[in-house]
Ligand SMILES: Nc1nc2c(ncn2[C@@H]2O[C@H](COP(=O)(O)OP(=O)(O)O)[C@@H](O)[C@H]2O)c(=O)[nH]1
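Just one chain is shown here, as structure tokens, and it is the form predicted alone.
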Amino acid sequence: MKKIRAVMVGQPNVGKSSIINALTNARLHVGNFAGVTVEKKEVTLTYKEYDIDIVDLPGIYSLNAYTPEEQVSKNYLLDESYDVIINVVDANVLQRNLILTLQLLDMNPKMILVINMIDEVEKQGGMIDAVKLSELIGRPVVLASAKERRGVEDIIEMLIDEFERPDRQRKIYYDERIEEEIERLSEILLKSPKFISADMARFFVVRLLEKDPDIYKIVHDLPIFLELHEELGKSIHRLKLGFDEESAADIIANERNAIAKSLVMQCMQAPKKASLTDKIDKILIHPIFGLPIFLFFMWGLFQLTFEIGSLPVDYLDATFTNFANWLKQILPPGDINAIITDGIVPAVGSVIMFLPNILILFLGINLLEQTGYMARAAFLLDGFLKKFGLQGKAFIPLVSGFGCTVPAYMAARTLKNPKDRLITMLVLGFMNCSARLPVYVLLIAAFFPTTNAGNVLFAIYISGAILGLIVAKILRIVLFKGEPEPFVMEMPPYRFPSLKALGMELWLKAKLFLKKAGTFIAGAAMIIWFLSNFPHNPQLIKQYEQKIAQAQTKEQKVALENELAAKNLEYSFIGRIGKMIEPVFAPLGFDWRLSVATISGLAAKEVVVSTLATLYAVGDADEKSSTLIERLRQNIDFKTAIALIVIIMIYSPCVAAMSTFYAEVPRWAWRAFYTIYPNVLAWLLAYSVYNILALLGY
């Protein structure tokens, strides 16, 4: 069997993934490129006597890489070994996509050009002459539609033909004045043993004229660098004078634009009728109605994510609870039994219960992306969020954060610029997730009149969002100086999504979540469980077991069991930690019980309610428990309750969310900052509120 290694390259949203998915007999492998968190897709297939391996590179607008994904693609093209390039372009925006094609042709590689979504152009009355275009660029051209599976087999056939064909002759050349300078500088490069190919030398010269820092680093250490550097300066000077331009890079960019325009004029008949995209855009990106329509769509996605996502939660919870109870009966009693049935199984269950929300959220996001609406959404929100140092696409994870911070962190992947993505993730914790709602309901019921409960709850959620935007602005000014990345996303035409592509993306997201975040979540939850359950106090347990055995009524037994649970928690590691850190929280009016409840909220915010119930010897209770509400009124004053609300609203999210952040952000410096700063800010604001209320007489 002959082996072919191909690399699939194209600008974002040209349908590379759809083409990969259309290769039905291929085996898909997903992982990360070495040393980075950028996703890597690779398919292998057998066709006739060939074993074909295709690497799908992240979308790249040009070899002038700006984002980590683009840099990964560029590095792969420059440094890795492959046989053929599969360059995928969008038929709807052919001229713009051909800019990258021309950059690839500078290398004079074996390459095929796949023009995807040709069906959309033809439906509008347009056409592309593939034979003519192939003659002009000197490479095979395939007209394809991944959605209709049109041209998919032709891609494989032409890939093999291109692999077997001898090296092709160059067909694309620049202006004579540019070519003269390229030839002059190439002669210098070819003096170095590193350059054995005239094509390679020519490509390097073009990139040097465009001031490519990666290429500059490569040639900097060569013996011929001084000669090259001097002649390069002279060449750039001559080109600037000859073309009356301020930059040689602009000269070459203008040349490519002119060539791309010429190719399209010769080979493409433009659509004759107004596109459906233009008609829809008149409504969806209308200057007045566009934003309300978008907010309605996002509200709908938000509702679906957490209404439908919550439906299987009880079933999943019951399944893992029953499984734990079953294990508890068949395993020998003791600590091993408790660790497995009270620690490991519930921890794994907590991971699985997040999955429905994540799948629904990413289904919605993928629908927005595949239909072409995501670009419009970012366009609509970019101006408003930019005032707070955020990018337009940050709206998706911010809205998601009101439901659950875990999928919100994962949704931040839609932000390609690392600074914009990181600053968004650092403020997502201020969007009050649904897990904090039981705590708010409990405290509002205990310390506010029923008639104002709704208004108070609304104020809490709005305050968190406003605070998040303010913090984002401060972070932008102090740590992320400069403006957010400009809005450069293209406006692709609207199209129906591919069901297979949607299913594949959801499957990949589910695997990545369970593999990455799942290991963090399970491990961290185990630690919290261990701290809450160990060490045991045998003497205390024996003492209370005797009291419980002597109790006359069921109520007395329940009260003693609750009291034992409270004392066990106080004796545990987490209870001792609560006693130890009580001086830190004392300025906020917290006793050790509130300190422990605050710590337990790091496992999951809902745990604060059950922890308070245990500490105040109430037993099983929820946020509507009148007994617990009364106990809180007896032990906590109003200003302390408000300070607790502020802490819950601002401090670190749950272990699941923090673990997801750690999985998404590999740098320890940012992990440490993310872990520390919201807790310090929460304490300072809670302290301020507590003392202001004290001055007001509360």
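Quick note: we count residues from 1 along the sequence shown, nothing fancier. A quick note: this is a predicted structure, and the numbers were derived from the prediction, not measured.
Separately, the form predicted together with the ligand exists; it is not shown, and the next lines address it.
Across the options 116-124, 575-583, 161-169, 234-242, residues that bring heavy atoms within 4.5 Å of the ligand in the predicted bound form belong to 116-124.
For the residues S498, S134, S434, N108, the 4.5 Å heavy atom test against the ligand in the predicted bound form is passed only by S498.
Distance criterion of 4.5 Å from any heavy atom to the ligand in the predicted bound form singles out Q370 from the list Q391, Q370, T611, Q103. Contact annotation: P12 falls within 4.5 Å of the ligand in the predicted bound form, judged by heavy atom distances.
Contact annotation: A146 falls within 4.5 Å of the ligand in the predicted bound form, judged by heavy atom distances.
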